[in-house]
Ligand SMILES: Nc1ncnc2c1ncn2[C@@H]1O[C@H](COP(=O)(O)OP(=O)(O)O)[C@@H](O)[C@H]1O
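For reference, the chain that follows is the form predicted alone, supplied as structure tokens.
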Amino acid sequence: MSDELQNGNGAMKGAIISTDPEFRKRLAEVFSPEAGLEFGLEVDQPFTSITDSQLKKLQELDSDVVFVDLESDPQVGLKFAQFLVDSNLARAVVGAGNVTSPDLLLQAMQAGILEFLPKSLDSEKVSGLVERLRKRTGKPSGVKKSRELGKLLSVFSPKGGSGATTFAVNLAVAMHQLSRKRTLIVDLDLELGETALLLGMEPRFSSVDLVRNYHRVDEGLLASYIEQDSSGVELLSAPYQPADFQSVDGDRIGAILNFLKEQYDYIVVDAPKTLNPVTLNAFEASDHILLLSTADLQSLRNVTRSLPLLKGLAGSRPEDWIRLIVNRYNPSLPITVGEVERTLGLKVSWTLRNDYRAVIDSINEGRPAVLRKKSHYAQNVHAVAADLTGMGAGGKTKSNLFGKLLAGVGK
């Protein structure tokens, strides 16, 4: 985005809608053309009394940002804010008021409100707000910096309980550890996703919230829905309450995932266990499908039943688009790796050691196994991450960097 904004003096154009005269006065004092924002319209009527004439003035102003004071009537104010967004009467809507209810904050995000501003108008928060709004409302300079698209990996198992979610979370953390690049976990199990639990996090928003607002998503809005774990990996969580995947447009999932590839270096998708439109659109956006199975008849049967559809989606993609992983592997199992390969007609790319104690302890602690003390499972996941990040092949790195990182895990 360019720093050259819409009007001649370089300041954004704004409007204030508030019945509180002290707040309007204070807002106009704090924000000025020198601070980057100039107000061209003040509306002092309640939301239900705003006239067509005032809306016409707002349209003519072509404002970059509208401040909406929600304190007097939050519910009607949210509906008015959504009207402003849907009618393109503002490029950005900022809510004002002492709003602390999580439910109200969620409704505000869904209505399209990008920021909340306390009526105390802390100068430091005001300064940061102006900078964020400049990035969101500035016109493109016409020269867009090219960026290589990130790599998107969908972890999929057609059988529940195979350890796919645990692997997806640990893989993302390990990839970030090795590469130090922006890495995102996307939980698309909209009914009972558990990635947040495995990271010990309690996200405020979810992938469903982002999908519902996909038509106005940009880099700034995206950040509102993302949570960052202490490990450095970021999370777009599944909703806490189960969501009906049939109410989620699969095409929107594909569009959002492709947008995320422009923002992140690595994206690990924890795909649903069912082959629904959400899952299929995630596969379409994927650079690889990491197909997880265990060496037992039920799991292998479900993988066999899924393979024709997966191979049909592959089209002209590289032969290794589908990469098979055997989880909970033990050499003493009656079904060997060779038998798995012959049964499925796929080469096993990696095996993950059956390390029950290390994995269950990590789940109970909300701390991925790759961050805890060294275990066979963590070593195996790091080897997969090394391959996928280009750090090495088959667990053998091109330098000693991977070995040094792995040796430091859990210390």
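Since this is a predicted model, take the numbers as computed values, not measurements. Don't overthink the numbering: it's just position in the shown sequence, from 1.
Form predicted in complex with the named molecule: not shown, discussed below.
Just one listed stretch, out of 176-184, 113-121, 162-170, 78-86, contacts the named molecule in the predicted complex at the 4.5 Å heavy atom level, and that stretch is 162-170. Not one of I267, D287 and H382 places a heavy atom within 4.5 Å of the named molecule in the predicted complex. At the 4.5 Å threshold, heavy atoms of D64 stay clear of the named molecule in the predicted complex, well away from it. In the predicted complex, the named molecule lies farther than 4.5 Å from every heavy atom of E38. Using a 4.5 angstroms limit between non-hydrogen atoms, R353 touches the named molecule in the predicted complex.
Shown alone here, N327 lies within 4.5 Å of the named molecule in the predicted complex, counting heavy atoms only. In summary, among the residues V68, V370, V359, A386, the only one with a non-hydrogen atom within 4.5 Å of the named molecule in the predicted complex is V359.
Among D320, E194, E339, E191, the residue placing a heavy atom within 4.5 Å of the named molecule in the predicted complex is E194.
Scanning 45-64 for heavy atoms within 4.5 Å of the named molecule in the predicted complex gives no residues at all.
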